[in-house]
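In structure tokens, one chain follows: the form predicted alone.
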């Protein structure tokens, strides 16, 4: 089972955790990305995330489907936020349940790394001295 959401309001880890819960799961891993207060030594004031929504949802689903097969995952939830986010807010949550713990870690890592590389989501970082559009890569 797969749960993909691209939202313009607050993301909640409890929603993702509840979706991936399973009596068959030996491991559940949840990655929570947060807006940090600096990038490369520069103070970040806030971030804006934009996405090409139809393609972003399609690509996130494709990532989840690949992870389901590759890591024998039971359930995967990928939620990403768009809009303006403040320091400490959550732009992405990925939750994965698998029969064994190692696969849960690997599947979660695969999902976030692939999302950052392939999903059409962009962020604009605002600093005290200006702003810059960047791909939503680490």
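Residue numbers count along the first chain shown, from 1. Quantities reported herein were computed from a predicted structural model and do not represent experimental measurements.
Not pictured, yet referred to below: the form predicted together with another copy of the chain.
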| item | value |
| --- | --- |
| Three-residue site 4, 61 and 69 fully in contact with another copy of the chain in the predicted complex at 4.5 Å by heavy atom | no |
| Exercise: residue 84 in contact with another copy of the chain in the predicted complex, heavy atom 4.5 Å | no |
| 4.5 Å heavy atom contact, residue 113 and another copy of the chain in the predicted complex | yes |
| Contact of residue 42 with another copy of the chain in the predicted complex (heavy atom, 4.5 Å) | no |
| Partner proximity in the predicted complex: residue 10 to another copy of the chain, non-hydrogen atom cutoff 4.5 Å | no |
| Residues of 35-53 having any heavy atom within 4.5 Å of another copy of the chain in the predicted complex, listed in sequence order | 35, 36, 37 |
